[in-house]
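Here you get one chain, nothing else, as structure tokens; it is the form predicted on its own.
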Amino acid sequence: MGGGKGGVGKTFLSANLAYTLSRAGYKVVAVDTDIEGPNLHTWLGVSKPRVSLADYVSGRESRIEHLLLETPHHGLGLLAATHGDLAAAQPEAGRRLEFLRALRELPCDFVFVDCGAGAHPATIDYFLVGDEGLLVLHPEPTSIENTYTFIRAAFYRRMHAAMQKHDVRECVREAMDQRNERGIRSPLDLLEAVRHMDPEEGQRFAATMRSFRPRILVNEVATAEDVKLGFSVRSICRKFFGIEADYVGYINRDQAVRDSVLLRKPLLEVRPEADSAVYLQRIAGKLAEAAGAPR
């Protein structure tokens, strides 16, 4: 669960979608990777986590399964991110890769990774580890702008990892700088440059590009224009980035959400009849269907 801007509701949605799917009978693990500002544990009713991702970063614990905590909700586990060392908040690149591999091997139906704000390489790596990348945005200009920055950063990092030849990887790295001397200004420009350099790598680039399909979720919708925002973002991704994005839905602005925040409980537990709770269930259903998860 990612997004370019803080405060758009990533943690709220991570906690509530994880809870919704666990309530539907799936085995779910919610993972907080925002060591600088963790609060996923609070949303899930775990006041003082005894272990967290910080123990992995520091080397005090090397096995991810030893960091998993129970929550008050049946079928829903937690990997918290409290007590971080602010001098070295995230794992080094190699250790981060081990962590990402371990997440994919967890014995459960779904893993929800709650990412921090911004487009730091560690944040992008956490976002890209999943089969489904869900981007959360608010219907406001700053959030929309930061969302496009996040999409661009995630795209280039995915493509850099996918390329096999050094000169092509270097071309992708240079393209990350929007003022690069090659004149590459968009993913489509980069695709043409890679095809010109190496047709085989060009085919790999195109295939990886097609597989990159971020999912858009608009939070705190208040008007019909806000609802349309997801379709606009999808259209712009296709036209200017050459990327196919999916619009999975929206959550309306609702007092019930604030009630659940104050009570520190999942929305479906506090106000299951609320419109926002109904929309959450619909989105959770779409994610389960896309994953082909058995009941």
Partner chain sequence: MKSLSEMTHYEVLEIPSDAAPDEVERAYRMAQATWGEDGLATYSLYEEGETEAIRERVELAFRVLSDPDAKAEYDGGLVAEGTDPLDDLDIDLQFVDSGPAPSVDFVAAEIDTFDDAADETGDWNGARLRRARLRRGIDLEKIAEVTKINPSYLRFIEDDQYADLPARVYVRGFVVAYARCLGLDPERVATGYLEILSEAAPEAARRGRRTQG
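This one's a predicted model, so the numbers in the text were calculated from it and none came from an experiment. Positions refer to the first chain, counted from 1.
Keep in mind that the form predicted in complex with the partner chain is missing from the display, and what follows is about it.
Close approach of Y26 to the partner chain in the predicted complex, 4.5 Å, heavy atom: It does not: once the partner chain is placed as it appears in the predicted complex, Y26 has no heavy atom within 4.5 Å of it.
Touches the partner chain in the predicted complex: I144 (any heavy atom, 4.5 Å): Output for I144 is yes: heavy atoms within 4.5 Å of the partner chain.
H196 within 4.5 Å of the partner chain in the predicted complex, heavy atoms: H196: no, not in contact with the partner chain in the predicted complex.
The partner chain contact in the predicted complex: E174, any heavy atom under 4.5 Å: Because no heavy atom of E174 falls inside 4.5 Å of the partner chain in the predicted complex, the answer is no.
Listed residue that, although the partner chain is not shown, lies within 4.5 Å of it in the predicted complex (heavy atoms), from R101, K165, R213, H74: Of the candidates R101, K165, R213, H74, R213 is the one lying within 4.5 Å of the partner chain in the predicted complex.
Contacting member of V270, L68, V227, V46, with respect to the partner chain in the predicted complex [4.5 Å, heavy atom]: Answer to the contact question: V227.
The partner chain in the predicted complex reached by all of L191, G242 and R282, non-hydrogen atom within 4.5 Å: Every listed residue reaches the partner chain in the predicted complex, so yes.
Proximity to the partner chain in the predicted complex (heavy atom, within 4.5 Å), stretch among 29-37, 242-250, 48-56, 260-268: In the other structure, the partner sits against 242-250.
Heavy atom contacts to the partner chain in the predicted complex at 4.5 Å, residues of 180-208 in sequence order: Those in contact are R185, L188, L191, R195, Q203, A206, A207.
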